[in-house]
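Presented below, as structure tokens, is a lone chain in the form predicted on its own.
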Amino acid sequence: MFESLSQRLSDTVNRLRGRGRLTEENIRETLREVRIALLEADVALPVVKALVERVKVRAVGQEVLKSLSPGQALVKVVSDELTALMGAANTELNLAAQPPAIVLMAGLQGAGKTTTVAKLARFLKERKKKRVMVVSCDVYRPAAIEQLRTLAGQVDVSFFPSEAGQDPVEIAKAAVVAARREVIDVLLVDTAGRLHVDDAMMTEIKALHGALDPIETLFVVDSMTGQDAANVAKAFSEALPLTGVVLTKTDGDARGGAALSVRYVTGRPIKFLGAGEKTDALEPFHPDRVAQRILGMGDVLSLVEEVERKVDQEKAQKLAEKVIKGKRFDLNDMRDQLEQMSNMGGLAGLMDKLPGMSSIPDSVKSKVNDNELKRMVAIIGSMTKKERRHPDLLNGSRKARVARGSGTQPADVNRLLKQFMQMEKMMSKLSKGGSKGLLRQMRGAMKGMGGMGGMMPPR
């Protein structure tokens, strides 16, 4: 998300960082480039005008021109205004209600509403330690009910059954009774969608809202629809007292116009971003962190939180103890590291949160291939236990067997073994040099970022 916008804006602001002096002419030229970048990112025109005007007012005043580092000051102004545009701070779900706290999910068909219900259920269960029940009031699509039943089983939350032909309001009322009986903390209500906004859909969802009086009414919208996302969200906000927005499919949205437009157009906060099909692919929306990513500053806080949450701490501790004791790093250890990297969204997901990634050439980024991670895990999985512990055993015939078993070529096996040797060498130095040795290795790796493509060559 934001790849093209981030590239344009970070290039623009980087030219200003080192400037000892700025003039109104410099600032005007910069804001013209900012305006073009935002329009190309499919940000709604009223939003672009408002943002550029606010930056201009602050930039030509005392705050920037009289600053000791005017270039840096202008970058901060742009960052502050982007953050303010998207809502200043993360707005959490309000669940302060007599249980069950009811959350009504609204949106058009195809926006990812049912999947988002499952993602939100998992989020509340795992991160907020809530007892969650889900119910589908989409009586027009039996497949949607079955989909939610399946997803509820996957994330291990309660599912209240419903059938096509039932009255949506009666389903919802019965679900509330069941949730109270089962001492459920949060009830998530999935509603029927349409291909476009129509009176019948709005009448039905208004009736549901009136019967349930939910504490949260979230609008789920596909970010890839760009400016239309903001327009549809506005139509829903006029019909329903929305409390927030969930942007879905942000992993496929390279422009990011919806994220920058929805808050301004609707006046409702973006509460979550959905990125990917997996049920753990839902993150709270932090405007300040998103603004930093747009300006190429990365999102280290989110990266740290993700590492803390998704890395298997027990395995990490065992590997650390093994390295400190000077024991040999083997292919089982390497496979664990690759799998943990995949759990955190793969190499592409990690790069998205690292500072300065917008300045990395596209030719290098394109070679960071997450499919290569899966291929490497498959190659290691095709080895015997003994071979994984003692890679030196892998002669030509064994490599050919491993390649056949993993659906790869002997050259792929050789490449993996070369990468393993590099990791083993790094771990060996770490065991001798402690944390200082690791820092030296990391610095060396960062200097060689241009060689990342060689680490993960495409097929």
Ligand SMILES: Nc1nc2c(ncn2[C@@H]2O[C@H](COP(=O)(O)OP(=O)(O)OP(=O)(O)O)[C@@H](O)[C@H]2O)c(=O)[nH]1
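For every residue, the number given is its place in the sequence shown, counted from 1. If you're wondering where the values come from, they're calculated on a predicted model, not measured in any experiment.
There is another form of the same protein, the form predicted together with the named molecule; it is not shown, and what comes next is about it.
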Where, among 111 to 119, 162 to 170, 375 to 383, 81 to 89, do residues come within 4.5 Å of the named molecule in the model of the complex by heavy atom distance?
-> 111 to 119
Quick one: from Asp199, Asp213, Glu277, Glu238, grab the residue that has a heavy atom within 4.5 Å of the named molecule in the model of the complex.
-> Glu277
Find the only residue in Asp333, Asp138, Asp288, Glu204 having a heavy atom within 4.5 Å of the named molecule in the model of the complex.
-> Asp138
With the partner left out of view, is Lys249 within 4.5 angstroms of the named molecule in the model of the complex by any non-hydrogen atom?
-> yes
Contact test in the model of the complex: Gln147 vs the named molecule, heavy atoms, 4.5 Å = yes
How about Gly226: is it within 4.5 Å of the named molecule in the model of the complex, going by heavy atoms?
-> no
Taking heavy atoms and a 4.5 Å cut-off, does Pro269 contact the named molecule in the model of the complex?
-> no
